[in-house]
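Two forms of a single protein chain come next, each set out by itself as structure tokens; they are called structure 1 and structure 2.
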Structure 1
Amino acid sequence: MLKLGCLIDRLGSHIVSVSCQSSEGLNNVNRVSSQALAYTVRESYLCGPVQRRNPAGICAAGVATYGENAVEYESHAQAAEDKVGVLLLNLGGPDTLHDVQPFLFNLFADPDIIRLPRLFRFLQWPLAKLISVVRAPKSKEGYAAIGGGSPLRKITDEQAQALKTALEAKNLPVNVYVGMRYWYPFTEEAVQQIKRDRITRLVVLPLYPQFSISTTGSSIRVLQNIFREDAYLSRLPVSIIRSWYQREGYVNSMADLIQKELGKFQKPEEVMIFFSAHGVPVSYVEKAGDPYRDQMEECIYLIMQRLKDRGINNDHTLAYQSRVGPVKWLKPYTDEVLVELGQKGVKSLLAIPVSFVSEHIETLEEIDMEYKELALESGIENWGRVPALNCTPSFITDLADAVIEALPSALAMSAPKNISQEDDHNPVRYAIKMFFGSILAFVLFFSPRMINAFRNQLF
């Protein structure tokens, strides 16, 4: 019994922690291999609208003027057949309440979201199944409160269309694809379409301003696994933009939104500017070298500097929201700080979601409903919230510039095939893992501490 208790605690302390061992550098553009290609884009051609499943048109690129941030490429390959693709990576969200549990399964089955010790790796999927079933009722409540599903797919498609238009306005015709990590359209689908369209250069743009192992890192890992399995894809020149929180255009767009919302308060100068970022477990940052916290702090610094340049000198603070599971997450926690601020006499507060660029469940439900209610109960009288960037024109223009700047770094992905991945495709191994894993997971998981940790956000 004691042994089982220890095992539960040991396992619990690994749940929702990191699997990625390598520390992520701060370089925002990743050169994926050493195979160099240089291009001059010499002409532009009109492309049809973005169609995720069947992106239109033959987009050959020729002479292009990219405006002030112009980058010129010298084409040593067949310029007439050059077809540029942009792959937007995002988390994905359930379209309906029916999708919530399978969506959660995909999320918790990600080894970058739940890290298990090597010995217990075979538990990954059975545990994901159990956790997703236990968590689903709470998640469903949240999605029901925002209309019965996630708005992420619709907004990401709109961003893709807006980005395509912005790039065309800069004379760079592209196909834009959307690849989600945990729900439709999955990254695998987007990559198949890229292949069918015979894209010749690809820019990968994760829609997370700051890098985290759990978000951008996980999406890139999936992409690399797909690419190394395929002869065409592994030769495709690719440029990955790993983080972009420090870009002028992004910082300016955030400062614009904040300035506008501050103007809606009666006494704007008295408003507490409250940045609320999605949390990650502390172990990501302190053990696995996730640069997320550093990048977040630098991002807030840059936005506040921009506001100061405009004569806005409000107090500000940063806290982390949306923790799940039985481990320590980055502090301070948003809910605790809101209560403290109320107790200290802060009367006006402007909440700013800062780790994500679309409206989603954690802005529309957690911030707009749960945190607003908590803040008002705690003594804060005037509440405001900055909208997510979504398709804000200055933001989309900046993403377009980021794509243009990244294009010359597009190099072939050519990493050796990861042998361990093969195991997952072997049906016999899979059946054995699921059978024994389910039994063990069932025994381990049914401790009240574990159930509560996933059923509620707090434990």
Structure 2
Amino acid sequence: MLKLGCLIDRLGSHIVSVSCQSSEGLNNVNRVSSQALAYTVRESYLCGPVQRRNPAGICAAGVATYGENAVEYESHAQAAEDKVGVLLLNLGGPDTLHDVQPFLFNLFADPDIIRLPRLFRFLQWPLAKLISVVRAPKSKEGYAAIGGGSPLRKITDEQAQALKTALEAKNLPVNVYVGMRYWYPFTEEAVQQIKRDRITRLVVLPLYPQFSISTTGSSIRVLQNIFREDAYLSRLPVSIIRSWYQREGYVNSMADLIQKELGKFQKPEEVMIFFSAHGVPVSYVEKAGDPYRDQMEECIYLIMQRLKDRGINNDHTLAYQSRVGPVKWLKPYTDEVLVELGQKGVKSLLAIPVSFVSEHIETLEEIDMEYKELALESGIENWGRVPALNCTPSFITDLADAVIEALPSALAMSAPKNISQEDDHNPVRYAIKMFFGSILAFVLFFSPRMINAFRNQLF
């Protein structure tokens, strides 16, 4: 499995720390500029703060809309008169080992993954090329271990077809599209097909239960950029379901899977329920206003409450996996907690990949291979793992309900131009940035600290 941490330490009078990683997807930024930080907080979620342990107070499905000129729907029958599209968003993954290096390049070329200081943004592509070439051999080993490529596209296509069938069963004919962030079919391809099909109303459904600026946030920014530049798309009514971890159907589906797997243990009541969520840097939460940690904790609370309603009172814990680099990540860490549980005498453990609704490298290789081996070495004797939801019927049905609920709130997407983007068109400022950026880049890349950082983190 690919894991990459890169450190850019002291730069002039500023200290910049960049953490970047790929475990087929969820990726991280340590520090953002104040301008980008404000934009992220403003755009990340419109329903307000998460109401901890109060599911009734959370807005339905975390739906957000854009722009003006709302089209009001008085009935579900009226919604059916439109040509409705549903866009599923995911990160994507290499289909074959040959695809690994270009996939990594696409990943690291994204400024939301490796956020460089403004003076260094012209180095984004060269840096992405360097990292992707260096890391490709190790990443290929991880994908080879799970069959030679990512299953994410196949599973997402199956989810799209299942969702289309579920919506048609509810008398809502739709076209369902799949847009991947870093591999085929790219989000841009899906949007162009939406335009060719003359969709008149669109629901955007990121396949991430909890919102993070590094997953849903990044994908939404891509859509904003595309729609902003197209006259037809900018007028298309769009509703974005930003998070849905609190939905009854999702919570019930997760509880069902956990209950089923618990039944496979000889003594189900003694099993530790171990939620492993993908981590993000602490700075995401504390400085950029990312609601991910609060939403994750609320999600675990809701699932455990549902299990308690069924008479299941097992101990449980939450930890965060896939940390990389020298920055602080959300704690506790999955690998450290597994060791601690073994030392405390826990003998039976059920791992639950709560961040993911599809099997991919982080479930199939990191959890099923790396963490299982670590757990057994630490003294845990009985290991189980809850499968990802994939196309679980109750899960797909709930997604269909979420789409139907989101339709009435669809508005024309619009977003103001970013001030920083306007500044980049100023030739004088751009020339100054390039001049000083080149000097600083030379100092940075040939400094002893940078050389040591690349040696320690890349190799």
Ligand SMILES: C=CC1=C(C)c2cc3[nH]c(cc4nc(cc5[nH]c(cc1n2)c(C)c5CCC(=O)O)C(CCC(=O)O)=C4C)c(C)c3C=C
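Computed from a predicted structure; not experimentally measured. Superpose the two forms; the largest set of C-alphas matching within 1.5 Å is the rigid core. Here, residue number means position along structure 1's sequence, counting from 1.
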> Two forms of the same chain appear here; which of them is the form predicted in complex with the named molecule?
Replying inline: 1
>> Once the core is aligned, does Leu389 move its Cα by at least 2 Å between structures 1 and 2?
In response: no
> Does Gln124 show a Cα shift reaching 2 Å between structures 1 and 2 after rigid-core superposition?
Replying inline: yes
